[in-house]
Structures are given as structure tokens and as C-alpha cells.
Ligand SMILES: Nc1ncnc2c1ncn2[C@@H]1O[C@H](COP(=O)(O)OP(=O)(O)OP(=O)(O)O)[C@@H](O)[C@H]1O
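The chain below stands alone, shown as C-alpha cells; this is the form predicted alone.
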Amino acid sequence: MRQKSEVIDIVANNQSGQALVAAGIRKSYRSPLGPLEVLQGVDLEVQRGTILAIVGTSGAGKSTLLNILGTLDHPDSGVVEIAGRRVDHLKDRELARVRATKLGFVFQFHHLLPEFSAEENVMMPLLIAGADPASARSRAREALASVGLVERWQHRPAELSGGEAQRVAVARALVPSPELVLADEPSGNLDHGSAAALHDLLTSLARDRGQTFVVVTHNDRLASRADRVLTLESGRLRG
């Protein structure tokens, strides 16, 4: 087990090319049989403009790790640094700002608001952050164009295919110009053709726009498109 000073030193020595650094991440939960240690000292570095795929069996703790990296959950111990700033010890208000400005999220289900158009769904993170509506609308259309949906901006989720709805979710994640996009089984609810198109999109966003992705997936095809693949096994990442 790393000493706390060693963990902090790893992050302190982070080079500017890293979008994300995590060191010594540990997380456990209570169970009837006692503490269940899901993460047992995870270390991770992700370079800007790359795709990292995290694979592993169900229940290995992949989503738990992603939630900690995305500041949606707190580690029991360890350090997380995003875009050169340590975030694991921040207060809730500061964490909310980090999520709004530095991070984007894509989940297995698109979670679009059904009563709003694609454009309005993509605008939502900017409006919540206090952006001017005209500016938010312009940036939302740019984000929709980047995922190939500029002509579908008026359509509501029910009027979109599954693949199109997930592309809107990607646009929503991209619209704040985040340092890092975290995706949890982003193609897990799509048919083969739509999944392949989404994989192409994520790859092109990383290559052409320099967008950084950390993707949890069971999809071997998506993992094969990543720059690096790590396996979460027995509470640790192996590559």
C-alpha cells in the first residue's frame, strides 16, 4: 500500500501532457460479510487527445472507478488530478464547477430530456452554468454539427434513432469544451451499425479535435479503437 506522501508525489510530478492522473485510489463498501474492497490502489494516467478503454468483468468496479474519476463519488483514499488541478478533496460546490467546465459524461442510456429538442438538450449544461442563451444556442449547434446532426437540431428524442440520440448525448458532453469525457458503456444500448458509427465518431473526435476520452466498455470493437486498453482486475488496473 502506498504512503500518502508517495501518492501526492505521483500527482505533483504530473507532466502537462496528462489530462488525468489518479494515484492510490481505494474504495470499499459495507457488506454483510464485512468491507468489500472494490478498488485496491488504482494508478492511472491519461494523455490529452487519446482514448483509454477500461475493460473487465461485470462487478469488477469499472463504473465505481469512472464515478470517482468524474468526481461523482469520493475515494476512501488516493488522489485525482484533472487538467493539472487536484480535485479529490474539493467541496461540493467546487466539484460541481469542475464537472460543469472540465468534464463531459456519456452513459449507456442517453438520458435526454424528452420534452426538449436536440438543440435544447445540448444547450442545457451551458444554461445551467449561466451562459447567455444566444451563446449557448450557437455552441449547441456547433456541437451538433461536430457529431453530424446539424440538420436534426429541432427533433425531440422520440423522433431520433437510438444512434442519433446517443450522438446528441455526445454533443451535450462536448459542448462545454471539457478537458475529459468519461463514457460508461456508450454503445451498450445500440445495434451493431449504430455502435460502429459511434465508435468511428469517438475516434475522429480524439484524432481531429484532440478530445480525451476514458471509456468503460465490454465491446471489444470499441476497445480495439482505443490508444490504450487497461483491465480492471482484483481491484487494480493492469495493462
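Superpose the two forms; the largest set of C-alphas matching within 1.5 Å is the rigid core. Computed from a predicted model, the values in this text were never measured in an experiment. Note that residue numbering follows the sequence shown and begins at 1.
Another form exists, predicted together with the named molecule; not displayed. Remarks below refer to it.
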Contact test in the predicted bound form: residue 218 vs the named molecule, heavy atoms, 4.5 Å: yes
Looking at the partner-bound form in the predicted bound form, is residue 57 within 4.5 Å of the named molecule by any heavy atom? yes
Contact of residue 108 with the named molecule in the predicted bound form (heavy atom, 4.5 Å): yes
I'd like to check something about residue 38: if you look in the predicted bound form, is any of its heavy atoms closer than or equal to 4.5 Å to a heavy atom of the named molecule? yes
Among 175-183, 25-33, 45-53, 201-209, which stretch sits within 4.5 Å of the named molecule in the predicted bound form, heavy atoms only? 25-33
Go through 58-76 residue by residue and record those having a heavy atom within 4.5 Å of the named molecule in the predicted bound form; state none if no residue qualifies. 58, 59, 60, 61, 62, 63, 64
Return yes or no for residue 77: a CA shift of at least 2 Å between this form and the one not shown, with the rigid core superposed? no
Cα separation of residue 109 and residue 197 in the predicted bound form versus here, shift of 3 Å or more: farther
So the CA-CA distance for residue 108 and residue 197 moves by at least 3 angstroms in the predicted bound form. Closer or farther than here? farther
